[in-house]
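Below you'll find only one chain, the form predicted alone, shown as C-alpha cells.
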C-alpha cells in the first residue's frame, strides 16, 4: 500500500492512501471525536461531531479517506465551537436527563460533553415526548436518547444472521425500531452487547443496571491529571473588601445548598473572605446590601420563582446558575413533556392520595401560578456563569466563585466536572 503525506492543523502527517481520516489522525496522535464511527463500519456521518475542514470544505471527518496533499483543519476555534454546538443540539433535541439516566458515567455522549467543557447549551430544550418501548423481551429502547448513529443496526445481529434494529419512517420522523421476533432470539450476552455499543442510554437491558459507585464508572476520572480549562470565566472588579454572597433555591431540592456546606471546616476559612446576605444559610429574607455574586439553585416553575430570580439579577453584580435544575430545568423539567392541564389533573384530581369527591385544583390569588413549563434561569434573566452537576462538587463551586471574585486562574479537575 502506498504511503501519502497530508497536513492536520499545519502538522505534517503520513498514512496509507485511502485510510479513513479518523483512523489516520489517530495514527498520528490526533484525536477527532465521533459518536457514530466504528472502524469496520461504513461511515454515515450521522452525528457530525467529527466535523472538520478539508481543503477549505466543511465535512464529516468519518466520511473522508485521506489523499496525498490534503490540507485538513481539526482543532481551530471555529471547528471546536461548531462541534460543541452540534453536541449541545443533540442534548436539547433528545431528553437527556443525565442525573436520572442509568448509563450516566458510562455514556460516550456525556463524556464528550465533559471534554468539550459544555456547561450549558445555547439552545432551548425541546422536551419532545417520544416512545419508551418496553415491549421487547430483554431490551428497553428509549427513543428520547437515540442519536441515530446506526451502531445497533449494523452490530446487533442474531446468531442466524438477522438484524434486530432498523430505521423506519423518513426525514425528521426517522427512528430506530426493533424487530420483536428477532430480539427474542438474542442471547443474554448479545442483548448486553447492544446496550454497551449504544453511545447514549437509548438501549438498556431489563434487569441489568450499571449501578456502579462514582469513581468506578467508565468516564468518571478521565486521563490522570486531566483538567478542564475555564476559558470563559469573566472577571469582575468589586470595591468592598469582604465579598458579599447571596443564595436562593427555586424549583430545586436544596441539594446544591447542601453541597455548598460540604466543604466542612473549609467554611471557617471562607467566612474570612466572604459574608452571606440574603440566603437560606443566614435566614436573611431580604437584600440588605448589594451583593457581589448570587448563586441560584433550581429553575423557574411558578411566578414566585420568576420574581425572586429577577430580584437577584437586580441586586447582584454576578449571577451564577448552580446545578442542572438551574441550568436547564433538571428533574423537575421532566414534566415539560406533559401538558400543564394534565399535570394538574393528575396531581390534584387523579392522584391515589386525593380525597374522595375532592375535585378542586387550587387557584387562589395568594398561591403562585404554575408556569406552562419549568424554565432554565437564563431564559428569564441574563446569567453570567453556569456550574453543572446534580449537585456540583462543593470544592468545585467555591473554587469557581473564588476565581470570579478574586480574579484567580482556575481549571476544573476532570472528576469534578459532572452532570450528575
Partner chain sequence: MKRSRLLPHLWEIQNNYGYIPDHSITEISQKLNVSKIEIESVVSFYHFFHLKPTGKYIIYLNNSIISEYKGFREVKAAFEKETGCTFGVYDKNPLFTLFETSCIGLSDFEPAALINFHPFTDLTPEKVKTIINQLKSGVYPEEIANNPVSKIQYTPEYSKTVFFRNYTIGNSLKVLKNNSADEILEKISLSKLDGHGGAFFPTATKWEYCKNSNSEQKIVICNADEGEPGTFKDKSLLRNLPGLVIEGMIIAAYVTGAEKGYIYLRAEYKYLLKKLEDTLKEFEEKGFLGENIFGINNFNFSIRVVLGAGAYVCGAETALIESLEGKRGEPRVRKYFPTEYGYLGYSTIVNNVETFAKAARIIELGTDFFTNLGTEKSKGTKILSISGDVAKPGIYEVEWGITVQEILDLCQATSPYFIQISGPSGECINNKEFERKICKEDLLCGGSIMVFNKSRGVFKILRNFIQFFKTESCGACTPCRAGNQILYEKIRKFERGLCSQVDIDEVKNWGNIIKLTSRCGLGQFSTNTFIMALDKFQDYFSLKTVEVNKNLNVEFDMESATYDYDEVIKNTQH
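Residue numbers count along the first chain shown, from 1. The term rigid core refers to the most C-alpha atoms you can superpose between the two forms while keeping them within 1.5 Å. Worth saying up front: this structure is predicted, and the values here are computed from it rather than measured.
The same protein also has a form predicted together with the partner chain, omitted here; what follows describes it.
Undergrad: With the partner absent here, would 51, 93 and 370 each sit within 4.5 Å of the partner chain in the predicted complex, counting heavy atoms only?
TA: Every listed residue reaches the partner chain in the predicted complex, so yes.
Undergrad: Does at least one non-hydrogen atom of residue 147 fall within 4.5 angstroms of the partner chain in the predicted complex?
TA: Residue 147: contacts the partner chain in the predicted complex.
Undergrad: With the partner left out here, check for me: in the predicted complex, does some heavy atom of residue 266 sit within 4.5 Å of the partner chain?
TA: Looking in the predicted complex, residue contacts with the partner chain do not include residue 266, since no heavy atom lies within 4.5 Å.
Undergrad: Within a 4.5 Å heavy atom cut-off, is residue 162 in contact with the partner chain in the predicted complex?
TA: Looking in the predicted complex, residue contacts with the partner chain include residue 162, since a heavy atom lies within 4.5 Å.
Undergrad: Flag residue 171 as yes or no: does it have a non-hydrogen atom within 4.5 angstroms of any non-hydrogen atom of the partner chain in the predicted complex?
TA: Residue 171 belongs to the contact set for the partner chain.
Undergrad: Given the stretches 174-182, 245-253, 271-279, 131-139, which is the single one in contact with the partner chain in the predicted complex, using a heavy atom cutoff of 4.5 Å?
TA: Answer to the contact question: 174-182.
Undergrad: Would you kindly say which of 116, 306, 331, 221 lies with a heavy atom within 4.5 Å of the partner chain in the predicted complex?
TA: When the partner chain is considered in the predicted complex, the option within 4.5 Å is 306.
Undergrad: Which one of 30, 70, 394, 380 is close to the partner chain in the predicted complex, taking close to mean a heavy atom within 4.5 Å?
TA: Exactly one listed residue reaches within 4.5 Å, namely 380.
Undergrad: Judged by heavy atom distances of 4.5 Å or less, which residues of 50-64 approach the partner chain in the predicted complex?
TA: Stretch hits, in order: 51, 53, 57, 58, 59, 63.
Undergrad: Tell me whether residue 171 is among the residues that move between this form and the one not shown (Cα shift of 2 angstroms or more, core superposed).
TA: Yes; that C-alpha moves by at least 2 Å between this form and the one not shown.
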